[in-house]
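First, one chain by itself: the form predicted on its own, in structure tokens.
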Amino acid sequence: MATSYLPAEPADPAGARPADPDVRPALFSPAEYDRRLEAVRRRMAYQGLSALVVTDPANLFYLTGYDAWSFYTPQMLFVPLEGEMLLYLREMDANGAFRTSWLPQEQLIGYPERYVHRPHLHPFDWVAFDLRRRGRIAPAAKGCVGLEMDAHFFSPKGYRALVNALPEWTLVDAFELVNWVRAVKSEAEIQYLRTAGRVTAAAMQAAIDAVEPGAPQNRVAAQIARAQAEGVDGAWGDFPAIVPMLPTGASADTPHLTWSDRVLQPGDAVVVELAGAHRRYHVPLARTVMLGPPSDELLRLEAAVAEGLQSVLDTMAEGVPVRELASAWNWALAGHGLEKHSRLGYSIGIGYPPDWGERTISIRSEDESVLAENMTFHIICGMWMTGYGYEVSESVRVTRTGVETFTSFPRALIRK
């Protein structure tokens, strides 16, 4: 019988049901949404922006609560330095915004269906006309207008539509403005992450239980996916931004591989990387499961990673420069004659496909950021060698004096 590593934690108190179960209550208080917008506007003013065009679905969710599988079509939130925000999305999705966003209905604007997937039209053509009709173009032209130039769902065609339709605007890169505001979490967000951590623990336990000689990878993935959706008592599972990753055997020398029908064999080391999600907040976790006796090389990695990860956790606290975390990790690895060229971790929180990272702080020697209380990170100690590999990770919250981990799985190689 497999050992259970599920923590015993209280249920998430934030799941109160609304009077109408098909209209979701706001996840956060009006005061918290006001603070978020105020923080975004302070940063806009600092960057010389008179308006901001938000297209990243995680940032739309952060500012408005809007949550639907609609990000494959163009959508945007217009954020002026002063005045009301306007959320533009496909006409058929406007009702979804009404059911999930805290914005009043008059600020939810659907563009016509005839603009979807047309070779010579783009929805932002219509959005630009509507902004002009509402008198929003001239005020925004007084400064620069920021765009999320590296957002996954902001296309070159969308950019060209805005450039052609709004010659008055000076369009500039906003440099992940909202993402940086998201870096420090509120207490309410931390609670959602704790709840997501319980879903993560259930999913990882399902993975460990399913990894057996003779099991095809796709069946392991199926058990993980079921646990991710089911969650545990008081913590239902949202869809994760990334599917389970299962590098196995010799292919464990390469990260980010998913699954096939490959059958697990005695002697395989199976790397499991997954996340539990709750109300869009993600807690990633990686562990390595060994089917049989581990090799000397794998044992060497296990010892090096354990020392390095503990050194990083011991170094983390409010006020510590991020580069010191990388230094602690690198010195620990060097003592074992090893080095890791890729980053050690990254900021996490809200996630939508295709990524659960926030695309801001990266734990590496070149990062000039300083840790603040309630920043949250995925510290992924992946060592990808030649023909084998090993991964252990932790998702953590920075505290004033150290760290809080969101799960409690043993950090050693899991032997079966």
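Each residue number is its position in the shown sequence, starting from 1. The shown structure was predicted, so the numbers you read here are calculated from the model rather than taken from an experiment.
Below, we refer to the form predicted together with another copy of the chain, which is not included among the displayed structures.
Student: Counting only non-hydrogen atoms, which stretch in 92-100, 287-295, 301-309, 315-323 is within 4.5 Å of another copy of the chain in the model of the complex?
Tutor: Result of the contact check: 92-100.
Student: Within 4.5 Å of another copy of the chain in the model of the complex, do 255, 355 and 364 each have at least one heavy atom?
Tutor: Spot residues vs another copy of the chain: full contact, yes.
Student: Using the partner position in the model of the complex, report whether residue 238 sits within 4.5 Å of another copy of the chain, counting heavy atoms only.
Tutor: Yes - in the model of the complex, heavy atoms of residue 238 and another copy of the chain come within 4.5 Å of each other.
Student: Should residue 341 be classed as touching another copy of the chain in the model of the complex when contacts are defined as heavy atoms within 4.5 Å?
Tutor: Judged by the heavy-atom cut-off of 4.5 Å, residue 341 is in contact with another copy of the chain in the model of the complex.
Student: Report whether the minimum heavy atom distance between residue 223 and another copy of the chain in the model of the complex is within 4.5 Å.
Tutor: Yes, residue 223 is a contact residue.
Student: Can you tell me if residue 181 lies within 4.5 angstroms of another copy of the chain in the model of the complex, counting non-hydrogen atoms only?
Tutor: No - in the model of the complex, heavy atoms of residue 181 and another copy of the chain never come within 4.5 Å of each other.
Student: Another copy of the chain isn't shown here, but in the model of the complex which of 215, 190, 250, 81 has a heavy atom within 4.5 Å of it?
Tutor: Only one option qualifies, and that one is 250.
Student: Would you kindly say which of 144, 108, 151, 165 lies with a heavy atom within 4.5 Å of another copy of the chain in the model of the complex?
Tutor: Comparing distances to another copy of the chain in the model of the complex, the residue within 4.5 Å is 151.
Student: Taking another copy of the chain as it sits in the model of the complex, which residues of 148-183 have a non-hydrogen atom within 4.5 Å of it? Please list them.
Tutor: Heavy-atom contacts to another copy of the chain in the model of the complex: 149, 150, 151, 152, 153, 154, 155, 156, 157, 159, 160, 173, 175.
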